[in-house]
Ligand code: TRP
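One chain comes next, on its own, written as structure tokens: the form predicted alone.
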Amino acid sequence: MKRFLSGITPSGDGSLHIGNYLGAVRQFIELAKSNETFLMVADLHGLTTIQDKKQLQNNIEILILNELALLRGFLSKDEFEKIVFFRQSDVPMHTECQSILNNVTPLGLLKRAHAYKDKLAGNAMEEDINVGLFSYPMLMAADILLYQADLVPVGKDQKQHIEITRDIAERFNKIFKKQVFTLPEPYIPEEVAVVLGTDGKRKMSKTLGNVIAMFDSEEAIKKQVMGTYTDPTRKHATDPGHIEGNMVFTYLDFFGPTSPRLRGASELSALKERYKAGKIADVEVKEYLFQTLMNYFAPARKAYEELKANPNVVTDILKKGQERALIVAGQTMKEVREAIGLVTKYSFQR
């Protein structure tokens, strides 16, 4: 059994969309069924871009509800309770570990980080970039190393962060001549989906407004679905339609065959043939997609409403997660303090 760790930052407005689900959450749910799993709401990372109290609070609360609803909607009770679900800021060892790692990490390593380089490439002045963004990989390294994670699920664009984490861990172990930290490996399954948005042109993003949400009202989700890019060459419902590049069918490929609305891939194939033959209108296939998504996410949407109505349940989950995370993080930091020389004969917590 491997130990996995994953974290999601409360960016944007904190809500998740089907692109997040397909690109990350779905894989984590499958991993959680057979591995030791730590899932973290990376709220401290949110400070790199959000310096508005109410916005950050709102984002954190929405993200927590979204994540928990998906987990409870797609996992059994026993599977869910095995997950250590916690908030980063509830475990003070994260920032302590980051502070210590700061002293063994070369400046040049952080200057090569994508987040920092992308900011400079976007015409930002170096003196205007906050230190939190610059040291983002340091906190991420602390997040991972604290829990001695074997594997970290990431997208291909995040692989560099794991490489930096490994470099830092190796350097620490070498300097202090002790194998304190496990060297993590990136977990990048080939089937991870990079999903285009409803515009069919750009990656799905809340900022671009080309998303389909999972926990919005039915009316809002239906509006998002009805605005989805299909086949611009098709003028009438009787015209032959194209499947390739048609986002309605792209989404149905992911959600259709396993949805209660569809009896299997054969039914989806029949729907495609009807579309290509000009026997079904765009509005009909969009309605089909809407109903498919409603069915697919019905358990998660039910869990969302239950959690939203019972904040004490959410607090209890986070408290249990914190307690379990503190045990693991506390043991790691005990070893770190001993390795670097902070534990002396005058220490009262040896």
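Start at 1 and count along the sequence shown; that's the residue number. Fair warning: this is a prediction, and the values are worked out from it, not measured in the lab.
Keep in mind the form predicted in complex with tryptophan is missing from the figure; the text below concerns it.
Enquirer: Can you work out which of 84, 154, 110, 213 has a heavy atom no more than 4.5 Å from tryptophan in the predicted bound form?
Expert: That would be 154.
Enquirer: Given that tryptophan is left out here, which of 181, 74, 275, 136 has a heavy atom within 4.5 Å of it in the predicted bound form?
Expert: Exactly one listed residue reaches within 4.5 Å, namely 136.
Enquirer: Give a yes or no on whether every one of 5, 9 and 140 sits within 4.5 angstroms of tryptophan in the predicted bound form by heavy atom.
Expert: The answer is yes: all three residues contact the partner (heavy atom, 4.5 Å cut-off).
Enquirer: If we define contact as a non-hydrogen atom of the residue within 4.5 angstroms of the partner, is residue 158 a contact of tryptophan in the predicted bound form?
Expert: The answer is yes: residue 158 has a heavy atom within 4.5 Å of tryptophan.
Enquirer: Residue 69: heavy atom within 4.5 Å of tryptophan in the predicted bound form?
Expert: Taking the distances in the predicted bound form, the answer for residue 69 is no, it never comes within 4.5 Å of tryptophan.
Enquirer: If you check in the predicted bound form, is residue 42 within 4.5 Å of tryptophan, heavy atoms only?
Expert: Because a heavy atom of residue 42 falls inside 4.5 Å of tryptophan in the predicted bound form, the answer is yes.
Enquirer: Looking at 97-105, 172-180, 228-236, 142-150, which lies within 4.5 angstroms of tryptophan in the predicted bound form, counting heavy atoms?
Expert: Single hit among the candidates: 142-150.
Enquirer: Which of the residues spanning 60-95 lie within 4.5 Å of tryptophan in the predicted bound form, based on heavy atoms?
Expert: Heavy-atom contacts to tryptophan in the predicted bound form: nothing from 60-95.
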